[in-house]
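Given next are two forms of a protein chain, the same chain in both, each as structure tokens and marked structure 1 or structure 2.
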Structure 1
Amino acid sequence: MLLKSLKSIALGTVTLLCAAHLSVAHAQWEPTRTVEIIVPAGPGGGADQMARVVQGIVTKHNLMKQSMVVINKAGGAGGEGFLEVKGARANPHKLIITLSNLFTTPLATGIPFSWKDLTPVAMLALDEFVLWVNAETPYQSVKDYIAAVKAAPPGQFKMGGTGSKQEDQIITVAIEKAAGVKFTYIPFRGGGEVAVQLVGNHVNSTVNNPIEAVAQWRADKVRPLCVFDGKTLEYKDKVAGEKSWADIPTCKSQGLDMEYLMLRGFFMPAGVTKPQTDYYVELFKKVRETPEWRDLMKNGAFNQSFMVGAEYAKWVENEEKRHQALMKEAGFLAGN
């Protein structure tokens, strides 16, 4: 009887040890092959630049044993990228960096995709939007520019932006309604191309993110008129001549009563495990502690909001509802 009890205890101990070992192994998951970051936008834009900075930081500081690559999948307003990650269910070696086309693309195109087909990992920042004009033009304020647009035939002034029925065009429509003007909206594949088109005077204005036009601003090729935020930006280091990001007035203070910020966050495919998600949360926390990340935040004038878990998922859910309303108001919903 005693021998039988001892055997039972020993067997139970072995079982517990095995379970504990499996639990530890499960909790300490890490990538076993190259990790892909899918960018649902073209090269040179804000999402592409952020993804490549993350890749560079991970490589430089040896934050991950495996390599990391960035792949642009811009087709169908980013739908190509979203559908690829949706189809990679339970694959922990694929990430997607998202912008607001996470909401606008399925709403505008009707593709069979929702953010709920993905696993939220982390919001790394919120991105600002700025109204830019060519530096050779005489416009020094929103009032100057809108007066010129009003004086011209409707549609003569061209607004350049990334994609159709996405963030840039939503903001353009909002400007039209707020100011009583009409632009011809010209879509391009990415924010980098949009900035080049403005420098070349192929469009009259853009609503590019700061990171997408900062090089052209430093070179005195473009001029910021206002930022679409409720408050001025906090970055006071000089960027272009004597001007800093903090010197750009809000659009609201210039007569355009509107605000818009954009998600810069990461998702994984559906079906991944919590330890796999947790691995990347911890990775991104390490990325955010590096000087290279701080430089990106400062150079791109980012709002440094950071969210994970249920808080992040709730924020995304609310943003989907907000974009549903914005897209409906602009007449951009599929079938309209």
Structure 2
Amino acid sequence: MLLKSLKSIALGTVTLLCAAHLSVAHAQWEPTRTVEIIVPAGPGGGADQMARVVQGIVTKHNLMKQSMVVINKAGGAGGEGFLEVKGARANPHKLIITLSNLFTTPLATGIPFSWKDLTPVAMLALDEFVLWVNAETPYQSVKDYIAAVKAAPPGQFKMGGTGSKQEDQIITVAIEKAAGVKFTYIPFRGGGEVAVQLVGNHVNSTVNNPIEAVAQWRADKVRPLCVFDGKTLEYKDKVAGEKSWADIPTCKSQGLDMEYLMLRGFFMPAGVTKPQTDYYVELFKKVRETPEWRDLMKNGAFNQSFMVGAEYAKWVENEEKRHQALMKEAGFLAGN
């Protein structure tokens, strides 16, 4: 165990040194004081974990001369964090890690901000969504499950998810539309809690991210039915018994025509300069080279898309339009 981690550290350092060497020529600007990563969600969630992993990697491998701190600003479904960054115009020492609430919070609550108030830096990964049921239930496939939901009175089956009018509920509504069924959606505070509610049979299904439910899957407490991505996952290592992430079929192939991936990316306040964003892009490239990062990606079966600059901005813009359409359809837009 220890030996293995030492080995991977050594390996990581070597790759890092190479990466650092290559990037020396580009780095024009450097932080002059402590860099803050704002997390618009509570401690322990997916975005928070990712921010803390980045912080840990940067600290452990000395990727930056200044220190890095993580600050949770979860109030108002993350609105608190976004407003803070919006207000910190041209401050190059503030980053914010985003999840889907970048789009959903302003739409659902009317809190005044949009991604256009921020400067996109880099997309580090996309988080997958999987439809889970309790392993003791007889449903082996999406078809079994949807048939059972259809047979029951509308609203009898309970879908657990994180937050209200956010990604989990958007997916739930999309499933309802695609399959012509009706769930009762129950919002909880965090993904881990949702997974445990499923194990305890307090809800019938969830759309947890892989990392939130993997421990329960490995203990054979929950069963994945399908993944909400265009293609099956690329991770072929055995996770639970004989199964790997790659064995989970896509929902589309099972007759649920729905794709949803969640952004895990970084933004800065508006008004920062190009050399400043370039610095962080290089930093994140180095972070992605480390073994710790690869472990995280593998554990959570993340989609490792990496985007920067105009390409990233374009992606965000499209995604915003899509959320607007999805939320309008679901009736989640704020009244005013």
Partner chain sequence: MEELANLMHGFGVALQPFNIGVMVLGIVLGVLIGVLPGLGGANGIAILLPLTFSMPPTSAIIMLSCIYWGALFGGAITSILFNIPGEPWSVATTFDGHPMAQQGKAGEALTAAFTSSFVGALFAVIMITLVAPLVAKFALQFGPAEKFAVFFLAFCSFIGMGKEPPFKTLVSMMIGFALAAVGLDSVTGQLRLTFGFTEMLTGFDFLIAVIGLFGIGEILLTMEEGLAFKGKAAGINPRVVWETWKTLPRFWMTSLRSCIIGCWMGISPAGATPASFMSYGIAKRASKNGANFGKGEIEGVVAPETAAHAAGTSALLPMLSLGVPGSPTAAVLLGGLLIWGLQPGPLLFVEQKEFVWGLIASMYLGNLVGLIIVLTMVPFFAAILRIPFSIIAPIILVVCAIGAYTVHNSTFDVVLMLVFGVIGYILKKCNYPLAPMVLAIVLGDKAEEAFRQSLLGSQGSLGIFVSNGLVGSIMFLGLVALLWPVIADGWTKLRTRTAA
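Structure 1 provides the reference sequence; residues are numbered from 1 along it. Fair warning: this is a prediction, and the values are worked out from it, not measured in the lab. Under this definition, the rigid core comprises the largest set of C-alpha atoms superposing within 1.5 Å between the forms.
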| property | result |
| --- | --- |
| Label of the structure corresponding to the form predicted together with its partner chain | 2 |
| Core fit, then Q304 C-alpha moves 2 Å or more between structure 1 and structure 2 | no |
| R33: Cα shift of 2 Å or greater between structure 1 and structure 2 (core-aligned) | yes |
